[in-house]
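Just one chain follows, in the form predicted alone, and it is written as structure tokens.
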Amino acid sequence: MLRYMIRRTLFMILVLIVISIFTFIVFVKLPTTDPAIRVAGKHPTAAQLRVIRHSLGLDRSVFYQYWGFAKGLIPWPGLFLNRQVYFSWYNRVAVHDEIFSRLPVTLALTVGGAIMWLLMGIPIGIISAIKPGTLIDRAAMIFALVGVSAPVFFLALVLLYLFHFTWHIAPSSGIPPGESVIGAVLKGDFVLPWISLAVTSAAFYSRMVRGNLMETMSEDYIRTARSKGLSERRVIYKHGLRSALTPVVTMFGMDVAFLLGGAVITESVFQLPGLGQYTIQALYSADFPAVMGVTVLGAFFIVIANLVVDILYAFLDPRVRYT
């Protein structure tokens, strides 16, 4: 297990390096507009542009420019998103401060949505799998079909129209001005964003759990467990569900990691000041340091989730062993 974790950690570092190089090329070297002009704003003088190019290292070699940004991505206190390197090219605010001030919003949105879609999707999938062809099964599949078919932005707009504009029982934004994230969560202001995130994911999870559990219940070891006189409830939950949830763990890890990088659509519709909204603003303004910071942070969440999921496999499925 230790050797496996070391190999995965080295691979994780390689992935982050490749992503940082790709992002650097796309946002700094490919655009035809001089980054110094984007920093200087309207009507800069030639002298101002020379000073800005020198301060950003744009008058040095491409390797020097990349290293100037890359050394600020080392995940170590004081180095990650170094304030001397990673600051907005437009408002001069440190990217580190912006990201970590917005991260609690994205974290609250992700955790709440994940809990909700698990509480919805897994029970629906289990009931549908153990009672195939019944009215409950058909209703669950209709829910899954509707949930998968409805885009997140459409569902979010429908929820806003019904619960805010029509019935006036929910706010239009997840966080009222001046209120903390914890206060907004306790007041239920995140309920609509959570639901808009959860419905589509719960639909996928219910279909996956149903299919995996039905396939697992036909395995030989399930018949052996039944022949030993175990109750059907114990056979399902101790033997069948444990194996059926293994693919769900992979999907859950990737979903949560992806959302931690910013739930762009949901945060934009509900005007949540999280990483997703920050990413959109950075892309519109071609603010490379902000884009680089969010991209690498999102990639870091994803590779960490991959490592955690692989380790959990060994606990969920006794057939999985790492050597």
Partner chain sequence: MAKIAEDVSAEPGSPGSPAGPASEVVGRSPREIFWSRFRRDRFAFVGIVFIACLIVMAIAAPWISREVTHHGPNQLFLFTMTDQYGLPKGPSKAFWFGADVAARDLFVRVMYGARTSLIVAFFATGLEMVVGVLLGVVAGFYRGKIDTLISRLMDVVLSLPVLLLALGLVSACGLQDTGCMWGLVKPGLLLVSYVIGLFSWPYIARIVRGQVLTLREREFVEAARAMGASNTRIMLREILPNIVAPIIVYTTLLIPSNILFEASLSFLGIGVPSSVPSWGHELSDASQIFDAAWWTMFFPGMFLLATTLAFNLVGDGLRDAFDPRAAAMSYRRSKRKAERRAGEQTKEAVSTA
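Residue numbers count along the first chain shown, from 1. Note that this is a predicted model, so its numbers are computed, not measured.
Beyond the structure shown, there is the form predicted together with the partner chain, which is absent from this document and is the topic of what follows.
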Which of 154, 90, 221, 237 has a heavy atom within 4.5 Å of the partner chain in the model of the complex?
154
Listed residue (97, 215, 179, 232) with a non-hydrogen atom within 4.5 angstroms of the partner chain in the model of the complex:
215
Any chance all of 19, 22 and 160 sit within 4.5 Å of the partner chain in the model of the complex, going by non-hydrogen atoms?
yes
Please pick out the stretch from 241-249, 161-169, 105-113, 181-189 that is in contact with the partner chain in the model of the complex, where contact means heavy atoms within 4.5 Å.
161-169
Might residue 145 be said to contact the partner chain in the model of the complex, defining contact as any heavy atom within 4.5 Å?
yes
Any non-hydrogen atom of residue 265 within 4.5 angstroms of the partner chain in the model of the complex:
yes
Is residue 63 near the partner chain? Define near as a heavy atom within 4.5 Å, in the model of the complex.
no
I'd like to know whether residue 71 contacts the partner chain in the model of the complex, with contact meaning heavy atoms within 4.5 angstroms.
no
Considering only 225-242, what residues come within 4.5 Å of the partner chain in the model of the complex, judged by heavy atoms?
none
